[in-house]
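Given as structure tokens, the chain that follows is alone and in the form predicted on its own.
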Amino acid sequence: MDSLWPLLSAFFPPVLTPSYLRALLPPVVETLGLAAGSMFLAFLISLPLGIAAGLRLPGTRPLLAVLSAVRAIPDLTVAILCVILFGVGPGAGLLALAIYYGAVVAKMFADILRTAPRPPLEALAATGARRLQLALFGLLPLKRADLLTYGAYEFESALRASIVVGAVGGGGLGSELVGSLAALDFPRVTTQLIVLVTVVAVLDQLAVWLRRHPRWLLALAPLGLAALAAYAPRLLAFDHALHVFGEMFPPRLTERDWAALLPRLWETAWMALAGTGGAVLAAALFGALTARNLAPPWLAWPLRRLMEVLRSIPEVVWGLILIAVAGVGPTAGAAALGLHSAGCLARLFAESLENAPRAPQLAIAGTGASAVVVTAWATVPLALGPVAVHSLFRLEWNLRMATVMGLIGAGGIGQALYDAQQLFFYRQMMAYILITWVLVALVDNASEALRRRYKLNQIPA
């Protein structure tokens, strides 16, 4: 503890002068613009793709394969490729976030839509409704709350991803934070984190309000369109991009790389499994303690703020702090993933409990059952479908993020991928990207098998 205090004290006091806070305003606005513009594009792409995949329309299998392939590429790598194409600046950051989150949200929307309760859909199908009518008048109304919950959550995720995108010149508050970390200006880092946590807290309250008044979502479309126009890419270095992409093929690893591959894969998998496992346990507790329909306000409110802090700080920033305490290696990476994921899953678990259908709960309560019995036999079982989907998806997410943790010295295949990027070994970089894709695809297929086994996919055939 004596050696830890000097390290922590270096982050305080934060720089809260009016002049510095005013200087942070443009990066904050740019970050919000990047998130709004990229997610506007992502939602335009993801909702129809998610519905198509959720309905298992013709071509769904190759569609899911493409989505998995895009999601398997770390967002940092997507950002680097976009910088190669469009140059340094917010345009590259916006496009990288739109591509990455378009695939992520489409896959998750498909999974959420497939957890819709079966009887209402079967009743609608019995009337002769077609697949599109099942989606518009069955799936979307039944899962609107979960879709809104996850959409708002991914907007926050895009906001945090700007930190990683900023590391390679994507602009916004992320560039400011990475610059302050590089300069070891920890008081300014603390200030920027306070600003980031505040912005996420405001967005969280906005998301709650929008869930209660969903018609106002349409008012956000012009803001997203305006942000897209303001931060759209302006430059295309097409000849240079073709030259670089040509150097990525054929993918190739040396004998030394192959010998070190298995330990690197194990480090990556261990980080993801350990971080996700710890986060699920923590989120199960804090999700119940922060659900508005289960916990009293005096308890839920402060714990929600704590969870906001955990998830507002990106995994990479948690990793930088923990590596300074515990040293380089996968332990710090797993702890960073666990802290961030606990905050994310606690919110999603809490809102899954809040979104549980009320009728079965009221029916059990009408028998004279206590609140504990209603929670145990109605609320929790009704929320298990979305909770399982969120948990499995978080494992997939952390497997990808474990590769990004290599950027800061957490080891694993991400370290090898980052080293290849830094040394311009493009064929090695592409080989590691393909290996990461195979790894994520295996986890994706395993989670799909679990969903089928436990009947989490509930759309009529």
Partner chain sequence: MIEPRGDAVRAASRSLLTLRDLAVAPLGAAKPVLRDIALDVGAGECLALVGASGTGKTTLLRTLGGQIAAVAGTIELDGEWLTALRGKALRRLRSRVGFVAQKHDLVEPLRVHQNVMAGALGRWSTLRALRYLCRPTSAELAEARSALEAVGLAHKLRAPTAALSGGEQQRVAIARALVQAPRLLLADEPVASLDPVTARAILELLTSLAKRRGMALICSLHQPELATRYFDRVLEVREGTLTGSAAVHAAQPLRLTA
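Positions refer to the first chain, counted from 1. These numbers were taken from a predicted model, which means no experiment stands behind them.
FYI, the form predicted in complex with its partner chain isn't displayed, but the following is about it.
S.K.: Suppose contact means a heavy atom within 4.5 Å; in the predicted complex, does that hold for all of 364, 368 and 372 with its partner chain?
M.R.: Judged in the predicted complex, 364, 368 and 372 all sit within 4.5 Å of its partner chain.
S.K.: Using a 4.5 Å heavy atom cut-off, indicate which stretch of 113-121, 328-336, 356-364, 126-134 touches its partner chain in the predicted complex.
M.R.: Careful reading of the contacts points to 356-364.
S.K.: Considering its partner chain in the predicted complex, which of 381, 302, 222, 263 comes within 4.5 Å of it through any heavy atom?
M.R.: Selected option: 381.
S.K.: In the predicted complex, which of the listed residues (241, 194, 376, 145) lies with a heavy atom within 4.5 Å of its partner chain?
M.R.: Looking at 241, 194, 376, 145 one by one, just 376 meets the 4.5 Å heavy-atom criterion.
S.K.: Need the contact residues for 270-295: heavy atom within 4.5 Å of its partner chain in the predicted complex, sequence order, or none if there are none.
M.R.: None of them.
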